[in-house]
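Coming up, as structure tokens: structure 1 and structure 2, two forms of one and the same protein chain.
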Structure 1
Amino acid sequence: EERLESLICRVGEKSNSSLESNLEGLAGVLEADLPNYKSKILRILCTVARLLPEKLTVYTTLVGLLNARNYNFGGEFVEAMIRQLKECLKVNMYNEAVHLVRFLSDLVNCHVIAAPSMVAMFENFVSVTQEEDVPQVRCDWYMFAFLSSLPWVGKELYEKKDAEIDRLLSQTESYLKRRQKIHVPMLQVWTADKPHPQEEYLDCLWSQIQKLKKDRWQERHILRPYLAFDSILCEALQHNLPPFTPPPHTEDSVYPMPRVIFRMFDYTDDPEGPVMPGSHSVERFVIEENLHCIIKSHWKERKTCAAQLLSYPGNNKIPLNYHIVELAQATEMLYMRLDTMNTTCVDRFINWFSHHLSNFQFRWSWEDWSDCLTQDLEKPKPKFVREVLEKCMRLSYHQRIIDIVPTSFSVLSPANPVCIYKYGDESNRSLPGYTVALCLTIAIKNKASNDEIFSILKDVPNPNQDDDDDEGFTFNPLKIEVFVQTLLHLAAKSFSHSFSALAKFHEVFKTLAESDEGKLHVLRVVYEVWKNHPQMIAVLVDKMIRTQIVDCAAVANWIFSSELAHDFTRFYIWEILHSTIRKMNKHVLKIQKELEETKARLARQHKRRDSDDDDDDDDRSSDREDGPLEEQIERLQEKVESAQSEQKNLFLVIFQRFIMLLTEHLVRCETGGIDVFTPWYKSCIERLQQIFLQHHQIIQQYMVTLENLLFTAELDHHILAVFQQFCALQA
């Protein structure tokens, strides 16, 4: 089986022999193996059809050759593919399903499937657009599956069934005209349509198919190895596809979300070598689809991915190497277009570019970007440079970054990441808590226990009330300040020193931060101490959530608090918030998984007992056996409900604070007659979009609550539009 898998998977890769002779040889080997390994060969071929779309025509040719030699095998393969397609649609594997539809359509070119039955299947796909009360994204998927197969099979189908194809294209056009496109602004990389329009994917594909039809279905990029075997394949008997009815829409159906086509280069950007196909040529669609598939298949293995991209079939016909390797030009283009770039995309650009610089000794011609020095520091270009340098410092060290950047850029250079300890300066002796801080310093250096720390802190007066209660540990901001400032200062040497300090005095933290105000104040003090070291803040907050010193809602409230207003648009703030949301989501999933596993164990126990015919035990014995598991299930169900409630509350806090901040800004601008669209507003509204998009699967569960409590009709249209765009993604 491994031999067969290796032979099938490797066909079409670099070889001393021609692809045609390799395919002919492989078809002979597989034909000889059919009597013993037919089911395995079927399974492997169905799998490569689903998972290796970039080699689609190689495998359709192979199936064509096998069908010409063994008609029954061809029929069984077509049936297996239809079964697999139905299974993919049933379990929401729509991306794989597109590959299968495309594969089936290309089998028409290989004389395996009769053209009329393929047209009948596409008619059923297009008829989905007439269904009532179904989401637009369902109709979109069936429309995309049909249109995206036409570059492969359009010519063959049009020659045999031109009237039917014309009718399908006419129905397609009327559907595309009535489609809602509220979601588009949320997905665009740039807010400007110059130099490249930000087209919605179905609109762009429709333009490409219209041009293909105008060019008489002539396409010049797809590798078509079956043409070499035309004399063999045209003699083969063809199969009719079994009638295919799209499975009905159910509550569990999750369709792919719409997207916007990313455009950065055009043919003028590469003055030498082959010309890039135009944005509405079907070749552009085919190439982008194939490159996307290669990246999706190999993104975990960077070297393999790069090798696959560079050896892409037909790469000599397009300026592929230029656009993969020409990073400097790409970086320059992205920098020039920063003013209209979406904030989430700017984040990715910062991450990629800083990583790229770290691999090249941080060398860059910074003077070329000196235009950013004359701009308001909140504008996208200076902000980008500042965040890149900040990120580079994480990958290096402060002095190195200072040395590589021209002195004129010092205003954007990262601050020296030192700890700010307010009790360390004798001039601050009059500060409340100063003497206690000195006592704490000595005690911690002398390896004091938690009880000794509590004893020292007991004397700290509470500025919030006249008399502390008997225990002395209600919310006392001064106690928190003195303790957290002193401990973080003493542990400032490294991340691991800080982690050890949190672990050793965990009990003290938990007691001081018992209330919500306490948790919030701990975070405030962390910021005061480490405001010059964003990475330290990020890792400490992360550790405090893990060790339950603070909770996720406290972190969200802290991020939107007035104390952090100065850093609100900084990259690290959103890094912390997204990390916090992910932790919450993981926590819920972990408990849900435990619950499912325990339920499965109980079901197995019941099944075992039911199947044991010799079991004479009475019911009491079964109850005794089930009892502990049933109790565990009950406990876990409570935990799941509690965790989901906490998760829902976290999103409510985040969205509520966004609405408050944005509403304040809009009212302030309206009353002052100021333009609403400031750099802060752009950043804030796009961060709101980012929360929706990055955590869409979780947020979908709470849509009704969000609509009823927060995103109501009375809300300002600027804010409500974001919610409506998000709803439209699955509408």
Structure 2
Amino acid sequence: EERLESLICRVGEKSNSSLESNLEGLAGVLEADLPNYKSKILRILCTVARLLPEKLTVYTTLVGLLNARNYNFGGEFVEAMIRQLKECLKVNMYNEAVHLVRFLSDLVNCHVIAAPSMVAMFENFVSVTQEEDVPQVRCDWYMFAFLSSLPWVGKELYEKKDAEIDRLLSQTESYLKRRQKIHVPMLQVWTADKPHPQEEYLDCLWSQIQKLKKDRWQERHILRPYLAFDSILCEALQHNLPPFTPPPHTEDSVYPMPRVIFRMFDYTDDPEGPVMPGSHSVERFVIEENLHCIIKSHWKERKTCAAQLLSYPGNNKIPLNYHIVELAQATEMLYMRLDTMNTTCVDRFINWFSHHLSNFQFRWSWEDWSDCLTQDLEKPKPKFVREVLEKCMRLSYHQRIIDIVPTSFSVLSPANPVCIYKYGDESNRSLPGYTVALCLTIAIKNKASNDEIFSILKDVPNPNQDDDDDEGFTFNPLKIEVFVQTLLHLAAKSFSHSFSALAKFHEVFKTLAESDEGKLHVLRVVYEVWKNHPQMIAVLVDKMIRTQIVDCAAVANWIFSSELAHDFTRFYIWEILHSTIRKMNKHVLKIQKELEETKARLARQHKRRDSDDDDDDDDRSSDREDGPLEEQIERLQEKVESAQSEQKNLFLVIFQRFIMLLTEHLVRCETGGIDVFTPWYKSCIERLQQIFLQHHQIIQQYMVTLENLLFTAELDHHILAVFQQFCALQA
């Protein structure tokens, strides 16, 4: 059985014999095994159809050969595929379902499925666009499944049923004209249309199919092994697909979200050699699909993945290797287009480029980018270089970065990541709390306990209060300042030292940061001490959340506070915020999982009792057994609700602060008569978009609250547009 799986999976790979003879040989082997292993073979073939889309035509050919030898087997295979397709649609596996539909359509080319029945299936797909009260993304998917199969089977279907296909294409055209595209701006990498328009994926595919039809359905890129077997296959009897009704839309249906096609190269970017297919050629579509498939199949094995990409069949006809290898050119092109690039994409570019440089001794011709030196530091290009250099420093060290950039670039170099201790100098002795800081320093060095620290801190006056409430630890910003500054300064040597300090004096932290203002102030002091070392700030905030010194909402409020306004557009701020949100999300999932597991344990316990043969009349003992578990479930239920509420509150705080900040800017611009679209504004509005896109699944739960509470009709249309675009993604 393993042998069968291995034989089937490996057909089509590099071999001494031709693909044709391998397929013929395999078909013979499988035919012989059918009496004993039929269901196993059916299962394997269905699975490769689903999981190996890059070898689609290899397997359709194989099925074609089997069908020619054994008509019943062909019929059973088609039935199994339809069952699998239905299963996929039921559980929202839409990407796999597309591959299955394409497989079925290519089976027409292999004389397994009769063309008219395939056309009938596509007619049912396209008629989904006539359904009422369904999300647009549902209709989109069925349209996509139809259109994206045409490169494979368009020619054959048109030859047999041209009138029907024309009708379907005209229905397609009218659907595409009337569907809304509010979501597009949110998904585009660049806000400019030059040099390449960022097309919506269905529009792009439609243009490609229209051109394909104009070219009389001639498609030259797809490998079609079945052509070599035409004489055998055309003798085979074909099967009719059973009528396929698309499963109805349900509450649980989650359709794929729309995409924007990412384009950065065209044929003008290639020196000599093969020409790149145009953006509306169907070859472009097919190649991009196949490349995606290769990466999706082989991402775990980077050497294999690279080898597969570089040995892509037909790669001598397209400039594939050139564009894979020419990273410098790609980098240069992305740099040149930074001005209109979406902030989230810039983040990725920064991460990738700095990581790349760290593997190549940071060698780069920085002078080529000296145009950025004359620009305002907040503009995208100088900002990009600054962030890259900061990331490079994190992967090396400060002096290294100073050494690798030309002196003209020193204005963009990162700060030396040293700690700033306000009580460090004798000259600061007039600062309130200075003497306590000295005292604390000595005590901590002498391994003082938490209690000793508390008693030292008692001496710190509270600038906020007139009557000092000695016993109650009400919010005392000066106490927090003195303690946190001193401790972080003593522990500044490394992350480990700082983490030890947080752990050792956890009790003091918890007490000082008990109130919301306390938490906020702790974060402020951390920033004051470590503002030159954003990485340290990030790891400290992470630890403080995990040890519950501060909570996620405090971090969110701190990020939007006026103290951080100067750093608001810096990359590290958003890394911290998204990391915070992720921690919150993981926390909720963890407790939910615990609850599910405990419920399952209780269910198993009941089952065991029910299946017991003992006629145990002692009901009390069963209750006693259930008791602790039921209690646990109740407690976990509360915990889940509390965590979910905290999670919702976190998002509400974030959205609220964004709205306040953006509204302020918009009002100021309006009254001042200045242009709204500053670099800061672009960054801020795109950061808001990023919150929606990066955490869309969670946020989908809050749509009603968001619409009624925050993103109401009174909101400035600039801000409301972001919300509307997000709504459009699943509409």
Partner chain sequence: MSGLLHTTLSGLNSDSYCEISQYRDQHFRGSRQLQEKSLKISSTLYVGNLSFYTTEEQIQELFSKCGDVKRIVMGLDKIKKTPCGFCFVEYYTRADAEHAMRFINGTRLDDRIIRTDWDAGFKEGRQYGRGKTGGQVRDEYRTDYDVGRGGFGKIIQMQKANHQPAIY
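Throughout, rigid core stands for the largest set of C-alpha atoms superposing within 1.5 Å between the two forms. In this text the structure is predicted, and so the values were computed from the model without any measurement. Residue numbering: sequential along structure 1, first residue numbered 1.
One of the two isolated chains is the form predicted in complex with its partner chain, namely structure 2. After superposing the rigid core, the Cα of His566 is displaced by less than 2 Å between structure 1 and structure 2. Annotation for Lys586: C-alpha shift under 2 angstroms between structure 1 and structure 2, rigid core superposed.
When the rigid core is held fixed, the Cα atom of Asp371 travels less than 2 angstroms between structure 1 and structure 2. A C-alpha shift of 2.5 Å is found for Trp299 between structure 1 and structure 2, based on superposition of the rigid core.
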